[in-house]
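Taking the form predicted on its own, here's one chain by itself in structure tokens.
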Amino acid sequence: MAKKFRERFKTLNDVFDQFTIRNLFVLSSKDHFVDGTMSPLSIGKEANIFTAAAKDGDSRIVIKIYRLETCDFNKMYSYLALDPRYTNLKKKKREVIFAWCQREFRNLMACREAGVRAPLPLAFLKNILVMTQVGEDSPAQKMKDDVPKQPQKFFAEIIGEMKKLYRYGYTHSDLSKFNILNLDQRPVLIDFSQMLPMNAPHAYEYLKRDVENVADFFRRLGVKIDNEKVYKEIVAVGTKKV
């Protein structure tokens, strides 16, 4: 079966090495997705993302595969070193990449518990993360590509999601027009690999940066925003200790 996987994806050898092929086979055999239905969705600096049919036959999922050979594991390690949950992590390339993938799964679970609009994590294995697809028939687009029709309302909803995350004890740490989807004119946050607990070093600096990045996008759409006021509004909700 693993050989068939390699035959299907032989043009993507930079992603599907033997190690990844075996893990894809394991995830497929555990009823997470239908073998042979993977379709490319996007190619990022660290990972390639695919959609696939779920085994239930009624939905689609997203498979995020971190590239073992080309990932900037030094950058990953620098972020992980800030996270109190990974203080004992050794600086070994594969261990860092696997921890990065696991952390995104854990962060997505925290998002769901906090009530944040985000993909539902389904499974992870080594360098592969499986989650629900945002959008039923086709994946929702990033808001930079599907500009909100009511920018003021959309911005307010994003700040609402940031408040939920902060109240639960976290900040996204990499929020921008690239990491927010527009699903039926409502925001859905994605890409949580850099999410930090608020007791991590520099967490509040990252929160301020998230506000600035989001505000810059909506300011170009005519929304009047006071960054400092928005930041204070978020932290005013209080946060739990994690």
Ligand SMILES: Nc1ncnc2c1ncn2[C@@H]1O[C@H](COP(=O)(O)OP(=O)(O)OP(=O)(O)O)[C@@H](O)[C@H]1O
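This is a predicted model, so every value here is computed, not measured. Residue indices: 1-based, along the sequence shown.
Below, we refer to the form predicted in complex with this ligand, which is not included among the displayed structures.
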query: This ligand contact at S42 in the predicted complex, heavy atom, 4.5 Å; finding: yes
query: In the predicted complex, S176 touching this ligand (heavy atom, 4.5 Å); finding: no
query: N127: touches this ligand in the predicted complex, heavy atom cutoff 4.5 angstroms; finding: no
query: In the predicted complex, A54 touching this ligand (heavy atom, 4.5 Å); finding: no
query: A200, L181, L207, L27 - the one with a heavy atom within 4.5 Å of this ligand in the predicted complex; finding: L181
query: This ligand: the contacting residue among L89, I159, L122, V134 in the predicted complex [heavy atom, 4.5 Å]; finding: V134
query: Whether P84, L165 and M195 all lie within 4.5 angstroms of this ligand in the predicted complex by heavy atom; finding: no
query: Residues of 190-225 having any heavy atom within 4.5 Å of this ligand in the predicted complex, listed in sequence order; finding: I190, D191, S193
